[in-house]
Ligand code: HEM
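Shown here is one chain on its own, the form predicted on its own, set out as structure tokens.
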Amino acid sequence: MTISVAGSPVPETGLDPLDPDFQRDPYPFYDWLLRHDPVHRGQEGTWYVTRFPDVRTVMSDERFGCASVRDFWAEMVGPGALQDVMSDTMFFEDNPHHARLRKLIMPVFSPKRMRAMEPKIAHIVDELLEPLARRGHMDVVSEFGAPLALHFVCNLIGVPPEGYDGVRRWSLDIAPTLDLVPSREEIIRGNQAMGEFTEYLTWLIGQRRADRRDDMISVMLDEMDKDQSGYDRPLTTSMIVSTVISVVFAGHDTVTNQVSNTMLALIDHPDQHELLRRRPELIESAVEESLRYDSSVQSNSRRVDEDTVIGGVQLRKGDFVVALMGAANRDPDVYPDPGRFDVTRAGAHPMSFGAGMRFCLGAVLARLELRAALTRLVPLADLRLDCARSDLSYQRSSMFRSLVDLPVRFTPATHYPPA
């Protein structure tokens, strides 16, 4: 069903997430869908689910599978390194194999271990920001958010500093191919990058076989050394490579984008920025509000594994479903005045990290990084855009909300950290 209402931003042919207007600002579309057509039949027959409880169901209920999405994606990108590696990723696995891979790396992301990293996170934030703060201008994306997120995801995995630039370059080239809408050129670049990334990780795994350390690759190698006769799919080097690459995308691009989205929200709402400057104890709630207000992860895809009803609408086995997490975070039945950015908002539990068995393992780390970043960025005086608001652009994506860059200016800090 596609509802037509006068003044609707959604065309009669159904929602197209690659519509340039939607790419610039999806929130008017979400607002209309939430009020008029919360389970919407979009273009190509895809279902778009918007309400918070329905999105949570799609994200967590095993009737909505990922393995069948893998088959669709593999056919789309065709043969090559992308298909070879990502066929084993947790992104495209259902239980029991998904649960096995997730359980395997959970100790690396334990809350206790993540919180023990707080001093290190604060140190890296200061190391990155001190020269930028004294300079009085920066690109939040490339000069701060990306190197911050890259450092910690590589550190957890076991990538040495000299490998960081390669990981960043490969992930930027692979990312568009995971979006279910890549162009031929993006697929070619993605295959090239995936081949190089795989070659590097295979080499690194070989190094860790002889020199185990306290990192994710070593944890998975330890598991490979155990008796795997009880599993129908023994752990392989290819699975380690695909799991590592999955973690890179889950913990690198998303944090980079969330830092920049949060800073833009503060620039767009100077009253909230000033409130945070006066009341730094609100940083914690500001992190949650930023995740709700403009999440770096906007959607996630599933396929219906059995006939089911969601939001009062009948879905059939094989139907393609997109859970619009960005819309769920603006559900007025859950969040009063959802279009308002309010750092004092209490009780925000955004859908930005997913739900159920696929809830993001890196959520604790991401929140710690955001909190540490805001603690140092908020005190910068006279924070403003260093370009026209209309000059900002977003990466072409149906899943992620990702600024290409975010140039800002502020009063240079004569002392760091700024008071």
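From 1 onward, residues are counted along the sequence shown. In this text the structure is predicted, and so the values were computed from the model without any measurement.
In what follows, reference is made to the form predicted in complex with this ligand, a form of this protein that is not presented.
Of the options T254, N261, S171, S242, which one has a non-hydrogen atom that comes within 4.5 Å of this ligand in the model of the complex?
Of T254, N261, S171, S242, the residue with a heavy atom within 4.5 Å of this ligand in the model of the complex is T254.
Pick from L201, V343, L324, V153: which has a non-hydrogen atom within 4.5 Å of this ligand in the model of the complex?
By the 4.5 Å heavy-atom cutoff, the listed residue in contact is V153.
At the 4.5 Å heavy atom threshold, is G65 in contact with this ligand in the model of the complex?
Output for G65 is no: heavy atoms all beyond 4.5 Å of this ligand.
Would S352 show up as a contact with this ligand in the model of the complex if we use heavy atoms at 4.5 Å?
Judged by the heavy-atom cut-off of 4.5 Å, S352 is in contact with this ligand in the model of the complex.
Please determine whether V304 contacts this ligand in the model of the complex, using a 4.5 Å cut-off between heavy atoms.
Close contact is absent here: in the model of the complex, V304 is far from this ligand, nothing within 4.5 Å, heavy atoms only.
Just to confirm, R70 within 4.5 Å of this ligand in the model of the complex by heavy atoms?
Judged by the heavy-atom cut-off of 4.5 Å, R70 is well away from this ligand in the model of the complex.
Based on heavy atom distances of at most 4.5 Å to this ligand in the model of the complex, which listed stretch, 305-313, 266-274, 85-93, 133-141, is the contact stretch?
Stretch 85-93 is the one.
Give, in sequence order, every residue of 342-367 that has a heavy atom within 4.5 Å of this ligand in the model of the complex, or say none if there are no such residues.
Those in contact are S352, F353, G354, M357, R358, F359, C360, L361, G362, L365, A366.
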